[in-house]
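The chain below stands alone and is given in structure tokens; this is the form predicted alone.
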Amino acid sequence: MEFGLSEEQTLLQDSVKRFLAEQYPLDKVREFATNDDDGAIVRNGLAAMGITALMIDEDHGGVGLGLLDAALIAEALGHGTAPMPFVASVVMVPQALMLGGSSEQQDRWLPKLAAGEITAGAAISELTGARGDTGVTATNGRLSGRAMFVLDFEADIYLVADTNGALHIVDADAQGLSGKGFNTVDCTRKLGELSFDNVPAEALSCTAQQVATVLNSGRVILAADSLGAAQNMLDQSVAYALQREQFNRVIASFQAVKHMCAEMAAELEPCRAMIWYAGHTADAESNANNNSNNGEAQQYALHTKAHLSEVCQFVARTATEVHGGMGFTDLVGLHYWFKRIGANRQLLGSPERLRDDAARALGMVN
């Protein structure tokens, strides 16, 4: 029995990391954060590598891989703080279309998503805790209301959840739809708000369990993204400690700094296996046509994101402390990974919310 990645999976992840290191260094990240770069290099390059087709079946021009493979790519994207529309455009929306889309909807949207011709966003954050003045209602095939923290904003189509938990596909050019981007703590990705004024929408025939499958897939991807960002911060800390000198010695020789780096590595390494297993269980349930989400897949998705949110926050804080005052400067750029981890912690549910959901799913809380 294999308890690690296949050679193909390792090569896939390494290829994405190498591409980002060569084509999207820190200077490019800064340009994207200040709106001087639109991230087209990343989008086009990864589309050419087939990443946009990752989870779409072969009948619709995709590669037909699973959530575990997508999590490996997400880890590489987090490692490079890449602005690639991924969690919604590559994972959640294609999965929703394959689970609940009609043949006509699948034939219309999936080949375009696979080819990277269009991108997709997801307005489903209200499913994990809506504000009192937000929410989208559906009446006779039309949507009204407001959705906050839309993932992969500025897309061509959007996956929208209504207040009853049903999913819909909305064209970005639909009459009555308007949106505005958010200035969030994370400048490396696009988040925004959508307003619906009697907007025509295409309903998907997703059951409540399938909606939960889509939501939990997004959570695993965000956890993997945080893992990649935290690993990069750890790598930077070790490299910095090996070259930064105080009292005519590199600070890596100081016991306190050694302990900080060792503790970050010890906390982070088990998280990698946790993400692998969360992806594996989701793929196993999917292959068995079991989307009940009452088994391991749901529990591991919830606990994985909750645990990674806290571990990666610890790594982000400790890595900044290793850098001392330099850790707060834009010269080092550590804050891009720090903020990305902070945003991932809250998106699609905070650790507290996710653990509460896990307890309710097991019947431990009424």
Partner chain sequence: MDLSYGAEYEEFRAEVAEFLAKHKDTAPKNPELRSVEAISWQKTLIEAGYFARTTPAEYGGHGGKPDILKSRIIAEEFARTRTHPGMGGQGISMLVPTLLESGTQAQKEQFIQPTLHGEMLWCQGYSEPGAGSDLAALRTAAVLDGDEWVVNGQKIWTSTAQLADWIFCLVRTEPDAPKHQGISFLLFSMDTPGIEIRPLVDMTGKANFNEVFFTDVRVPKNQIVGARGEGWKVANTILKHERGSLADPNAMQHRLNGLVELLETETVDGTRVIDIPSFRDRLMRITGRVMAAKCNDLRLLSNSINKTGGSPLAAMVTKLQGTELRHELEALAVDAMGEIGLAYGDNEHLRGGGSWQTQYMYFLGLIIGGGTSQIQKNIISERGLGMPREPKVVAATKQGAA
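Numbering follows the first chain given and starts at 1. Only a predicted model underlies this, so the values are computations on that prediction, with no experimental measurement involved.
From this point on, the text means the form predicted together with its partner chain, which you will not see here.
Colleague: Let me test this: is every residue among T137, T188 and N232 within 4.5 Å of its partner chain in the predicted complex, going by heavy atom positions?
Modeller: Looking in the predicted complex, the three residues T137, T188 and N232 all stay beyond 4.5 Å of its partner chain (heavy atoms).
Colleague: Sort through 73 to 81, 206 to 214, 178 to 186, 137 to 145 and report the only stretch with a non-hydrogen atom within 4.5 Å of its partner chain in the predicted complex.
Modeller: Checking each option against the 4.5 Å cut-off leaves 178 to 186.
Colleague: I'd like to know whether E352 contacts its partner chain in the predicted complex, with contact meaning heavy atoms within 4.5 angstroms.
Modeller: So E352 counts as contacting its partner chain.
Colleague: Is E126 close enough to touch its partner chain in the predicted complex, meaning at least one heavy atom pair within 4.5 Å?
Modeller: E126 belongs to the contact set for its partner chain.
Colleague: Although its partner chain is absent from this view, report whether L99 comes within 4.5 Å of it in the predicted complex, heavy atoms only.
Modeller: Although its partner chain is absent here, L99 would stay clear of it in the predicted complex, with no heavy atoms inside 4.5 Å.
Colleague: Is it the case that N198, even though its partner is missing from this view, gets within 4.5 Å of its partner chain in the predicted complex, heavy atoms only?
Modeller: Taking the distances in the predicted complex, the answer for N198 is no, it never comes within 4.5 Å of its partner chain.
Colleague: Could you work out which of A174, A241, I118, I169 is the residue within 4.5 angstroms of its partner chain in the predicted complex, going by heavy atoms?
Modeller: When its partner chain is considered in the predicted complex, the option within 4.5 Å is A241.
Colleague: Using a 4.5 Å cut-off on any heavy atom, which residues of 352 to 366 would contact its partner chain in the predicted complex?
Modeller: Contacting residues: E352, R353, R355, D356, A358, A359, M364, V365, N366.
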